[in-house]
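Just one chain is shown here, as structure tokens, and it is the form predicted alone.
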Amino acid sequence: MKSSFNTQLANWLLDPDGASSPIEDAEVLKKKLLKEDLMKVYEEVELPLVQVLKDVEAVGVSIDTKALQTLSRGLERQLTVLVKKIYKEAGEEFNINSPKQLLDIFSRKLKLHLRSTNVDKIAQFKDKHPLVGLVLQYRELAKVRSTYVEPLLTLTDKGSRIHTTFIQTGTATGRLSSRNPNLQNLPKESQWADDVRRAFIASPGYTLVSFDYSQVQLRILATVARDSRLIEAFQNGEDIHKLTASRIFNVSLEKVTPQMRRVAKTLNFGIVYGMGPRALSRESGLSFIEAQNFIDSYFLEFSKVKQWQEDLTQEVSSKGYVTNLAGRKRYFTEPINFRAAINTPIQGLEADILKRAMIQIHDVFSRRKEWQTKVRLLLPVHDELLFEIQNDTIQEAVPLLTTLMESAYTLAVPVKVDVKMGKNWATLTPYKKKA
């Protein structure tokens, strides 16, 4: 038992959704951790991670402020143009950022009687009138500027580095969160992702190297569901999305089109989150009936996944909590959010794997003093670790880091890491070992 006891971490492990009473006495919390079989997670993961995160925060990430300033000015110009177009389509000026005024415009001008202006609600009407599409564009640009670009510029230190603050106790699944600025939710898929990420650069003499766990949530799903077909596919190194497309579209692997694979990919990751036909329809472009048919086909082909989901919903209903393979728990009260319950053991284990990898890497490199300035962990982001590695150390460091990450946790299928490198976060290319 550690001499210094972190009551905040212990309280969070016992109540990750944060609905508990004020933090209790250390001895009381220790007894509760032992009773709930959470002491191992506390001692082996969360407690040692505290120092790891402190070191990562101290290093920070180098930022190209000129690129961000250029992006900010470009966004400002485009927002000005969009505002004029929105006013023209609406036939009047109004506060675009006011949900009340926006609902009024939609009701009077478009005859859309909505109760909410959140993106999901209004996006389904973007083909009904140009105004809806323009408002969605405005929202996206305004969010990129206010959520990412401006905070990055404001919080950069004199050495042009950003030092985010990590929050271990900020999520119910165990994932890390961060603030000032929030670097856990940087855009990855949108058209603005590259523009923002291009501003994250390597220091002189260094290269950015990204280690990204490959399809880790699906590998965890195969493991927890004990689905032999999924396990076999991962063990054989098959394209899991192509395989899924082949099964749900009932065609041979050779006849799977890119569009089929895209739908299958959406479905594969959606299953992890308990996705229903409506969400699949919205994200894939399928009709509601087609989406329902594909989900039905998926569960026929991968029946163990369906069985696992049903068993888990019964378990959480009777026990009031779910547990991931690493022992982390999340408690649920009525009415139970079954989609969250299904996702928690998967996303939670993804977080534990990344955390264990960070701790393992920190332990190894802290013993190799000569490498401490040559290999710097800059950011953990969901299933990715971003490093800054001195150029003459890359060929030696990358294989070691890859091995440490792939051995952080053992699943029923191989754990794989994709490695990319480059001078900024947007233009990383696959790592190739020199002959």
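We call the rigid core the largest set of C-alpha positions that still match within 1.5 Å between the two forms. It should be emphasised that the depicted structure is a prediction, and the values quoted were computed from it without experimental measurement. Residue positions are given as counts along the sequence shown, with the first one as 1.
Keep in mind that the form predicted together with the DNA is missing from the display, and what follows is about it.
If you check the DNA in the predicted complex, you find a heavy atom from every one of Tyr273, Ala340 and Gln347 within 4.5 Å. Contact annotation: Gln124 falls outside 4.5 Å of the DNA in the predicted complex, judged by heavy atom distances. Residue contact check for Leu186: one or more of its heavy atoms lie within 4.5 Å of the DNA in the predicted complex. When contacts are judged by a 4.5 Å heavy atom cut-off, Lys30 does not count as touching the DNA in the predicted complex. When the DNA is considered in the predicted complex, Val381 lines it closely, a heavy atom lying within 4.5 Å. Proximity to the DNA in the predicted complex, taken as a non-hydrogen atom within 4.5 angstroms, holds for one residue of Arg356, Lys85, Arg261, Arg139, which is Arg139. A heavy atom within 4.5 Å of the DNA in the predicted complex is found for one listed residue only; from His129, Lys304, Lys143, His362, this is Lys143. Stretch-level contact check against the DNA in the predicted complex with heavy atoms at 4.5 Å: of 218-226, 306-314, 93-101, 233-241, the positive one is 93-101. Core-superposed comparison between this form and the one not shown: the CA of Lys121 exceeds or equals a 2 Å shift. The rigid-core alignment places the CA of Glu310 less than 2 Å apart between this form and the one not shown.
Superposition on the rigid core between this form and the one not shown places the CA atom of Arg145 2 Å or more away from its counterpart.
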